[in-house]
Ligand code: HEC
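Here we start with a single chain on its own, the form predicted on its own, put down as structure tokens.
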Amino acid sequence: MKHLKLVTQSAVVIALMATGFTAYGGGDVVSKASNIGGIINTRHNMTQSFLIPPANANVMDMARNQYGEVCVYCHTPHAANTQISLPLWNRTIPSTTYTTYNSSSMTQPVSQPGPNSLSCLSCHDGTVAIDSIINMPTTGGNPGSANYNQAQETSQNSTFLSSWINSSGINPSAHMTLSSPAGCLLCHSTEGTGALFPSAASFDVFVIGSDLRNDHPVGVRYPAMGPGVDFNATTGTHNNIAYFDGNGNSKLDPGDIRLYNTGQGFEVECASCHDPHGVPSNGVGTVNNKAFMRVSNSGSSLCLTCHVK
């Protein structure tokens, strides 16, 4: 009942009800995204331009800035985040300390998540708004306002974000995170919202949080090969990446499971198994692997890429 009370009092939810909001089917899990042909047709397209008619995307303008550009929610061509080694990174990276995976049966050292996990956790730990970026587009927004704020590299400034004005005229009543009770889970959750939006896709599983003990370990060192090691050896390297060359072409492809070395040896990170842009399941034009996986886990094939069981 706690969550239901929060939902019924929320101006966001009242506005959604007024628009006749309904949930979607199709695509990967429950979404109107086709999940074919790259990030623009996936849930990671925060502009939601895949919605038909396009005006339906405006319903979420009260939850996030509508920048009108797909890539800008993560990347910028100029003035990128200098605090993290990621390609032209435009998102806020918080100084969160994560509770890491621990098991009496695991002997490999586990460190705090590296850059190729922090990129994912900058949304999925639920502490930073999905529209919290450093360098907002120069077109649109509030004329004459400063669209760049370097302090956004490590800390969300909602006043800065609110200087943007959505072209729809609907502006966020809150810059929402994925987390509950004041974020996306207000509607996209199995807790307390079913009475209002019974067919809304649940995002509960997507909110990883800062306690990583119930998730596959990230920041965990990959074992060195030797007798008694129940892991497969990687088959290729590219700069600071060791990878399993799935198609044998001696190139690092999006569909290749990989390990990252950021100074402590090769480690498993979120991006070892997931590609946020989507990877086609059977060549160009086919539906992407579910959950942004680099390869399908049918028959545990993804797990068995690394593990010998």
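Residue numbers run from 1 along the displayed sequence. Just so it is clear, the model here is predicted, and its values are computed rather than measured.
This next part talks about the form predicted in complex with the named molecule, which is not shown.
Within 4.5 Å of any heavy atom of the named molecule in the predicted complex lies no heavy atom of residue 287. Within 4.5 Å of any heavy atom of the named molecule in the predicted complex lies no heavy atom of residue 226. The closest heavy atom approach of residue 108 to the named molecule in the predicted complex falls within 4.5 Å. For the chain shown alone, residue 66 is not a contact residue for the named molecule in the predicted complex, no non-hydrogen atom being within 4.5 angstroms. Checking 81, 149, 122, 156 for any heavy atom within 4.5 Å of the named molecule in the predicted complex turns up a single hit: 122. Contacts to the named molecule in the predicted complex (heavy atom within 4.5 Å) from stretch 260 to 297: 260, 268, 269, 270, 271, 272, 273, 274, 276, 277, 290, 291, 292, 293, 294, 297.
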